[in-house]
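Only one chain comes next, encoded as structure tokens, the form predicted alone.
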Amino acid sequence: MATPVKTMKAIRWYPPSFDIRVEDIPVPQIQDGDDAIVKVTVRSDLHVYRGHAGVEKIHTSGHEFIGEVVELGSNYGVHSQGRPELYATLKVGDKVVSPFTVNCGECNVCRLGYTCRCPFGALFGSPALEGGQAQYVRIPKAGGTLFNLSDSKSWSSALSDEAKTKALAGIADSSLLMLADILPTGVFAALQAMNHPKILPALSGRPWPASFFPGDASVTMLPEDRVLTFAIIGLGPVGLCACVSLLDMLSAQPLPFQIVAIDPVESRREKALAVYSKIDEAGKGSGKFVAESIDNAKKTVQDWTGGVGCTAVLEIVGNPSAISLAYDLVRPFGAIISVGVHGEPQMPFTGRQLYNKNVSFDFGRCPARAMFPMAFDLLVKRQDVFGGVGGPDCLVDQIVGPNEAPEIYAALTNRR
């Protein structure tokens, strides 16, 4: 079924920065047999607006969106061996959510789970691929990219099919939209921190390098050596998702932990504390959680660890000051997990600094398509946090129409 209209409203970004316009442009068309056209119902974005990405091309914004399939290319409806299941099962009318990058689902990179670096990939809402802040969007390699919210059988999850179906029926689109980027990225940051080799001594009770091998807990390690201390830098939406995810993972551990969530903006710290208060006791675990300014956080880490530093730091911002703070806060033989989108400036470290602290860095984009099952399970589990709109403990502040985009972009960038 082709789209019934020829033109559509789209939210377009004009270089170099801070210029958003709502315009009429042509509706996208099928260009390849693997394409799908989706009618967008909910969308979100901010990244390119400030001009930090060095982009010089006018394009439609939007790397997070949910919608309904209205047209499919010629490669759908027939099961082809070795191809993603959606090529056989996806139908016009299905409700879908897309990760923020295209991925084929068939290459070596995708098979290993590194879907954000698929060689066929492209970022929605960039010069390479028109985004979802429009009435319609074209999805290349849609059979490997999309998640079918009308039929959960095509993706794995710890939940049963019955539980997934029930959950999908009861979750608002404003909550499901988080699956496109912010929730998988928050889970990705927490997952990397909790599975990093540098925290194995605390988890296993055996010092480095015995922590890599089976064995009994070491008699040389004291109880205080096994306390996990984390910092999360940046309390925007992804930072809040990282907080919730890390708390969920730590609540399943028998070990004591302490988390300092950091942001210079007071309203964001208040939001983090409100979100934490909303989580039930089972989701909080038995550890400490505080939200503090930069200076207060430095003092807290100093007091908590006797000046040693954090076991791991999750850096969610993506700028030199944030990554420098992460380095200052992390302990020797600690780990820094950076999922913030870094721009042109060079990293503010010398080789000697890195050598002197034995610090490990994990940088880069979240493989959202691969993270979807974990993110969806957390979304279902934590609807107390993710399900609302407009409250002091909600991640979604408001939902507006596309004509309000210029005003809302300006409000967001000025933290209003």
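Predicted model only: the values in this text are computed from it and were never measured. Quick note: we count residues from 1 along the sequence shown, nothing fancier.
Beyond what is shown, the protein has a form predicted in complex with a further copy of the same chain; the following relates to that form.
Student: Could you work out which of N75, T89, S218, N296 is the residue within 4.5 angstroms of a further copy of the same chain in the predicted complex, going by heavy atoms?
Tutor: When a further copy of the same chain is considered in the predicted complex, the option within 4.5 Å is S218.
Student: Between M178, I316, A261, C116, only one gets a heavy atom within 4.5 angstroms of a further copy of the same chain in the predicted complex; which residue is that?
Tutor: The residue from M178, I316, A261, C116 that makes the contact is C116.
Student: Which is the contacting stretch out of 24-32, 62-70, 350-358, 379-387, given heavy atoms within 4.5 Å of a further copy of the same chain in the predicted complex?
Tutor: Going by heavy atoms within 4.5 Å, the stretch is 350-358.
Student: Let me test this: is every residue among P209, L222 and M374 within 4.5 Å of a further copy of the same chain in the predicted complex, going by heavy atom positions?
Tutor: Every listed residue reaches a further copy of the same chain in the predicted complex, so yes.
Student: Would F230 show up as a contact with a further copy of the same chain in the predicted complex if we use heavy atoms at 4.5 Å?
Tutor: Looking in the predicted complex, residue contacts with a further copy of the same chain do not include F230, since no heavy atom lies within 4.5 Å.
Student: Consider G343 of the chain shown here, and say whether it contacts a further copy of the same chain in the predicted complex, taking contact as heavy atoms within 4.5 Å.
Tutor: Result yes; G343 sits at the interface with a further copy of the same chain in the predicted complex.
Student: Quick one: does S277 come within 4.5 Å of a further copy of the same chain in the predicted complex, counting heavy atoms only?
Tutor: Result no; S277 lies far from a further copy of the same chain in the predicted complex.
Student: Decide whether F333 counts as a contact residue for a further copy of the same chain in the predicted complex under a heavy atom distance cut-off of 4.5 Å.
Tutor: Heavy-atom contact with a further copy of the same chain at 4.5 Å: present for F333.
Student: Using a 4.5 Å heavy atom cutoff, which residues in 21-42 contact a further copy of the same chain in the predicted complex? It's fine if the answer is none.
Tutor: Counting only heavy atoms within 4.5 Å of a further copy of the same chain in the predicted complex, no residue of 21-42 makes contact.
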